[in-house]
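Okay, here we've got a single chain as structure tokens, the form predicted alone, with questions on binding and movement later.
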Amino acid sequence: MSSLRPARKNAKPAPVPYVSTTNACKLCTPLGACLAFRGVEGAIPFLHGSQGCATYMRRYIISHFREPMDIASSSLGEKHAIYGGGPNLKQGLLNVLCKYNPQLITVATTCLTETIGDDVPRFVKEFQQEYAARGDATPLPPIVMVSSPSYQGTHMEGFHRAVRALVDQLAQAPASTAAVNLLPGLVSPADIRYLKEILGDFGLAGIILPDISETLDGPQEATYSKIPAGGTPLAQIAAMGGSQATIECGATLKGQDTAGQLLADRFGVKLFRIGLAIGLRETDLLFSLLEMLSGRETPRSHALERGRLLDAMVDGHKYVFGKRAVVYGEEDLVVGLTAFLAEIGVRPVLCASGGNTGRLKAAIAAVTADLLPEFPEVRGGVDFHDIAEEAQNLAPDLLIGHSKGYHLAKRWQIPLIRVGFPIHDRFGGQRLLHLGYRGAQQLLDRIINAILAKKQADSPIGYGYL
């Protein structure tokens, strides 16, 4: 006789946990690793996995940056999923040497090779030994490896893992210098160029890793270069252990084993971790730090930009005050954008990210203290299905994020302010400025003009003066 109690006649079945992803609000881990590796001089990203992974990532990156993006691949097939991908990896490395003559090869793993358990460090070590035994006249460049399966994290985690791998496997302990290491995170080439300008105006020798300012937004050349000019020089990465300080940008990186933390632990380089310098207060923190490290006051040109930003915030307050916004994207970008929106009087009602570090809510609380009348909904580890369900009762006036939110903006008939990565349905995403007083000024102008354009479009008679 069964000891189980009979089910109640009208009992409802237990809800089934929702575990699928519908239109992800993140990208894959090795894609982020490839973006970071592209910011090193003379480097070629190499994916140990199927050809389809490299093809997808190349297409995705090219659509945003409008630049060629070669990603080598070990091109594994069904047979290699059973017998292992070591021989393909070694042959692929040889092919890269012959075709590209790189200064650095950067190997990122994918879901396939991580799932079958390929021992990539052993394969690479065997390749280096076999290459040395060949007696080839061409020296073998360094090979940096990173574990980056897509089922473990997002493109941002792949990006940060790749930066840490570069520092871990290339940085040394040279004589101390006055240089400052700057780890900006995944920002635009325009942002990197602006950071270089700021460091130069403070008289600081900066080592920016990665530096995609030219490799993913280069000039037109008379001849095609297989590996574009630019990127952080290998000599600078090697010298990072002797710098006076590291500035690592990422409000949600606290407690993680990052490149900045490695430099602090291994070489004693002082670490300063700040959020992305988006908006007034977060940029003030960056400039205060640079004043301390350089011993100089903020240059007048930047003080003037700050003053013009304040003036614009006063002038534009009547247009943005009380507007409700949904912000989504990479966690640290969401934190910075939320801080800026709170400063200008926009109310963030939902802050969402596909990332799931568990630090998003605390980071947003820290940057919006005393600025918001009501704390927004904060969701990590979500997709656009979740965002739509969460936001449908929040009556947003604006969406702020990358292009993948367009279908929501169209459905709700509200403006989408495109920021971050990827931007596939507009031109010039690689030249958008997000950081500093200058970036905040441009973002403020775009937000206000989107609101005004919406008001004009909704009016039955239109307005020529607002």
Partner chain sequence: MSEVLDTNNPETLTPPPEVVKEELLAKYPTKVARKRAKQIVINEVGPDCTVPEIMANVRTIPGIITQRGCTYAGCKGVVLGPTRDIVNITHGPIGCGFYSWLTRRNQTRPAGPDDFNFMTYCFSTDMQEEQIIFGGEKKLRQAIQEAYDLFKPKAIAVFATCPVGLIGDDIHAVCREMKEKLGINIFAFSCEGYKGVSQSAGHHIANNGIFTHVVGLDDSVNGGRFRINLLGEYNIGGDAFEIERLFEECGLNLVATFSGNSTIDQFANSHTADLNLIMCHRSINYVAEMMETKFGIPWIKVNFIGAEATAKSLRKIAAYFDDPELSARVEEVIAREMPAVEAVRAEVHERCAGKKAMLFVGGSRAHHYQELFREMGMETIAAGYEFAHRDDYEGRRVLPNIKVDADSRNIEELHVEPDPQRFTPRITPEDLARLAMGDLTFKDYEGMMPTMANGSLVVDDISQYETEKLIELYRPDIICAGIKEKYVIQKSGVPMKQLHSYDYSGPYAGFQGAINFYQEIDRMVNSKVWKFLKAPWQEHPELTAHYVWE
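Positions refer to the first chain, counted from 1. Since this is a predicted model, take the numbers as computed values, not measurements.
Just so it is clear, the following notes concern the form predicted in complex with the partner chain, a form of the same protein that is not shown.
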item	value
Residue 434: touches the partner chain in the predicted complex, heavy atom cutoff 4.5 angstroms	no
4.5 Å heavy atom contact, residue 398 to the partner chain in the predicted complex	no
Contact test in the predicted complex: residue 321 vs the partner chain, heavy atoms, 4.5 Å	no
Any non-hydrogen atom of residue 129 within 4.5 angstroms of the partner chain in the predicted complex	no
Non-hydrogen atom within 4.5 Å of the partner chain in the predicted complex for each of 204, 208 and 232	no
Contact stretch among 190 to 198, 138 to 146, 306 to 314, 104 to 112 - heavy atom within 4.5 Å of the partner chain in the predicted complex	104 to 112
Contacting member of 442, 456, 449, 21, with respect to the partner chain in the predicted complex [4.5 Å, heavy atom]	21
Proximity to the partner chain in the predicted complex, single hit among 299, 345, 242, 218 (heavy atom within 4.5 Å)	218
Residues within stretch 70 to 84 having a non-hydrogen atom within 4.5 Å of the partner chain in the predicted complex	70, 71, 72, 73, 74, 75, 76, 77, 78, 80, 81
